[in-house]
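As a starting point, one isolated chain is supplied in structure tokens, in the form predicted on its own.
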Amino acid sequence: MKILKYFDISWFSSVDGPGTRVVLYLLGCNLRCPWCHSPHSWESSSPLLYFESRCTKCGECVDICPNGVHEVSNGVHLVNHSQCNHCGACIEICPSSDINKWNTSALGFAGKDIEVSELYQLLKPQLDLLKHIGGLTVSGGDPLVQSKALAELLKICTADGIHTTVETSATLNKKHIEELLPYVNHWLIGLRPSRTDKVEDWKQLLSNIQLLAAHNPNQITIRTPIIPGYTDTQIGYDMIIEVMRANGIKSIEILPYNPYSENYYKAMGLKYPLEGIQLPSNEELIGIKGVFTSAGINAKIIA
């Protein structure tokens, strides 16, 4: 039985695919987008996360860490993330942490390895409740990174009559798409031209969109985050429209920039790349939506 690595589950979402969904967030991503809202999902194993607001500065982690990762001095807790060997000793001893609840702890690893069958049994009670009004959406990171194990999970879902959606940047080799294709009912494809794009990623994305559209363009929804200074250009919108028209894709979801991800960068000891960027206004979002609707595309703003 194959293993999947995930870092979170949302048990009730109305904005991540048709109807009401369970959303499973997998670890691993081949991109490093400056606007990424989950940098802790980039690697196949989570880095040590430190959330200062939950820390009591007790110093227990300093004494137990074998590699000198932690230092508490004058009420300040410093974390040398590069020294961490993932032993977890600091998390286990921390009075403000639970090894199984990283998102409410001062210290934690955002990830869990689990067998596919065990994971499905975890998801199944909620999926059964949503069976006729939604289904399972798999996001990330990028789910294509774990395509082999994910195909096994989605195959079980398909056999059980569960509607499946996969959200991906679609920039990995087409073999990852082909492994999942028989078991995916709907695709959410991140299409957001920006100045940070690599040519090879863009070419692979277009190739994968063509592959999926040849299978069924009505099973594809484009997703475009509006990131000031990166993806909010008329040239970018025109490129998206061109790709959608060429492939017979009719629907796009416009996602406002998420300003709440800075906390995760700080928890990883990283500088937040979008510091100071302002949220697009409602008027700006409505104007962007109008660009697509005037081109005959069904556009929706996801708040």
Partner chain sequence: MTKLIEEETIVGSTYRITELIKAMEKRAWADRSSEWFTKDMFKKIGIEHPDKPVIVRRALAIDEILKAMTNKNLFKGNNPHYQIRDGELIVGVITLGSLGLGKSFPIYLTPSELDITSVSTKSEMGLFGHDSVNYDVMLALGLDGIIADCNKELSATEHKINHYDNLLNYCSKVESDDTFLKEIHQLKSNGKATATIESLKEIFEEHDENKGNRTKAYDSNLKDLFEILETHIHTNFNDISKARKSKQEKTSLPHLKQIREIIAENTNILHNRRDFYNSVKISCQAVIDYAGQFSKLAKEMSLVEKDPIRKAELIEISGICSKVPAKPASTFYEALQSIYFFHLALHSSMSQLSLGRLDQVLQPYYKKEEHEKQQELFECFLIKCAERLILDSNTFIKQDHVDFGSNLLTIPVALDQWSESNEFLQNIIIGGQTRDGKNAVNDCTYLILKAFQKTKLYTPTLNARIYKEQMDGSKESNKYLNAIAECLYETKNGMPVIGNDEVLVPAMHKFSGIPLEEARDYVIDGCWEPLLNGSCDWTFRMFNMLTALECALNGGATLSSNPILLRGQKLTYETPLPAVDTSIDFEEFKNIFKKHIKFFTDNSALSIHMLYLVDQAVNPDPLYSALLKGCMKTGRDKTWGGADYKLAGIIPAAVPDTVNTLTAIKKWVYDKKEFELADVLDAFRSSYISSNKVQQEKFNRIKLKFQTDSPKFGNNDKESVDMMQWLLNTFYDCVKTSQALAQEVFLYPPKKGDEERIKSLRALAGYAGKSLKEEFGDNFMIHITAGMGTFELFDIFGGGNAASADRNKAGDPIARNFAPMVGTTKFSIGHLLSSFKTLGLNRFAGGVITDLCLEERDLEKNGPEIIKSVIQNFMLNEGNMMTITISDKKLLGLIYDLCEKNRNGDPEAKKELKKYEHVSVRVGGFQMPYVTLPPAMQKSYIDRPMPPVG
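What you are looking at is a predicted structure, and each value in this text was computed from that prediction instead of being measured. Numbering follows the first chain given and starts at 1.
One more form of this protein, predicted in complex with its partner chain, exists but is not displayed; see below.
Colleague: Exactly one stretch in 123 to 131, 191 to 199, 73 to 81, 211 to 219 has heavy atoms within 4.5 Å of its partner chain in the model of the complex; which is it?
Modeller: Looking at the other structure, the answer is 123 to 131.
Colleague: Answer with yes or no whether residue 148 is in contact with its partner chain in the model of the complex, where contact means some heavy atom within 4.5 Å.
Modeller: Looking in the model of the complex, residue contacts with its partner chain do not include residue 148, since no heavy atom lies within 4.5 Å.
Colleague: Looking in the model of the complex, any heavy atom of residue 203 within 4.5 Å of its partner chain?
Modeller: Because no heavy atom of residue 203 falls inside 4.5 Å of its partner chain in the model of the complex, the answer is no.
Colleague: Determine whether any heavy atom of residue 280 comes within 4.5 Å of a heavy atom of its partner chain in the model of the complex, and answer yes or no.
Modeller: Heavy-atom contact with its partner chain at 4.5 Å: absent for residue 280.
Colleague: Spell out, yes or no, whether the shortest heavy atom distance between residue 100 and its partner chain in the model of the complex is within 4.5 Å.
Modeller: Residue 100: yes, in contact with its partner chain in the model of the complex.
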